Ligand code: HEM
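Just the one chain here, the form predicted alone, laid out as structure tokens.
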Amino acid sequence: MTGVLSSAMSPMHTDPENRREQGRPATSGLGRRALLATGAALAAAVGAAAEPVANNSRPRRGGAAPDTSPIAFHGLRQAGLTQPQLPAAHMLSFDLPPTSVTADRETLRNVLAALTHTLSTAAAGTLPEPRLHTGETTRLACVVGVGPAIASRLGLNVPPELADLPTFPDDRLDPARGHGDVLLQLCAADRWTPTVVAELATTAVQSAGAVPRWTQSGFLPHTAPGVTPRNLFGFKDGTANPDEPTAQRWVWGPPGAHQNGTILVYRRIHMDVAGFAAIPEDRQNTMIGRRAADGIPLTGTAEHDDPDIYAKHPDGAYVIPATAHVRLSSPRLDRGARMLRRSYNYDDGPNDRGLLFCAYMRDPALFTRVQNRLAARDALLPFIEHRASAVAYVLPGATPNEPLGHHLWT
């Protein structure tokens, strides 16, 4: 379960067992022009502005009341990554049937324009859809990305690091539940909004020429602002996310066309929840490297303390064991490189529950290095199984005059 919890960066020690691995650092029938004009006019009417949104990559601390204001769709970065994580998610993937490069590039333009129109009006609460008129403010945050296969086929301007992942030991991947040319994630305060918007978005992109590939819903426990949510194993998930200066180096793209974009690595990870729950809690803690009760690393006194993967007991044994999940996924083993993790739990029945692992990074080679270590010796291996996978370039945000993906053809 890559990245359930991870440590923060600090100077490397030189214990042979822990020597750093070498590698890279880490529409509904409307035409394109009509969609763009409609989206721009609507955005102007509601006073939308393309202003940068603060990157809330670390959970907020303190007891601030939950925000109930609308979430702006337009901005330099997509709101699904810059807003505090909302508890309900719905993920969808679409394919573009291949015809010719010229025709398919126009289809992709229309699909992204259709998504821009549908999602921006839904976020503004101005879609003429009665099911979204609940009497409460619509709080919708979205993430839209394009997959490596369509980027390569159409010669799109995407980061050179965008590529499918290699095969990992013990993967049991279902191709029908992973990959895709266009990936969409809808996040909201409850399941109602993303469920309805998913239907509307699907209709729009099908009218533009795409076909559905897979869909998956996810959820988080309701937690107070600043409290790290838990996964179905009962452990806090996302404690060690990077702050903004660190994310600028490892998560967001470099200056240029990609600087407000990033790359998503998605893994659908089945978890043996009952089997893990049967293990004594102290053993669970050593398998993870943190305490279930409060998320504190075994070497620390507070949840956000940096796990010291080199600390030892008097007898020479590591305090955080060599097979602990936190140890194997530590940024110290990757020259400080970090992922931004915004995962969700899923429950598709008593025999299929687990984690929708969603991690964002400038270079997915980081995930490959971490996953290779975990696949070799992670103590959680008997209790998890990777069953689906996807990679996508998360596009920079849209403006009232430029839809999602407007940099793809430059």
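Quick note: we count residues from 1 along the sequence shown, nothing fancier. No experiment lies behind these values; they were computed from the predicted model shown.
The same protein also exists as the form predicted in complex with the named molecule; that form is not shown, yet it is the one meant from here on.
In short, of 192 to 200, 288 to 296, 145 to 153, 106 to 114 it is 288 to 296 that has heavy atoms within 4.5 Å of the named molecule in the predicted bound form.
At a distance threshold of 4.5 angstroms between non-hydrogen atoms, residue 326 is in contact with the named molecule in the predicted bound form. The named molecule in the predicted bound form comes within 4.5 Å of no heavy atom belonging to residue 180. At a distance threshold of 4.5 angstroms between non-hydrogen atoms, residue 362 is out of contact with the named molecule in the predicted bound form. The named molecule in the predicted bound form comes within 4.5 Å of no heavy atom belonging to residue 263. This chain lacks the partner; the member of 162, 269, 319, 92 within 4.5 angstroms of the named molecule in the predicted bound form by a non-hydrogen atom is 269. In summary, among the residues 74, 213, 139, 236, the only one with a non-hydrogen atom within 4.5 Å of the named molecule in the predicted bound form is 236.
Applying a 4.5 Å heavy atom cutoff to the named molecule in the predicted bound form picks out 338, 339, 341, 355, 357, 367, 370, 371, 374 from 335 to 374, in order along the sequence.
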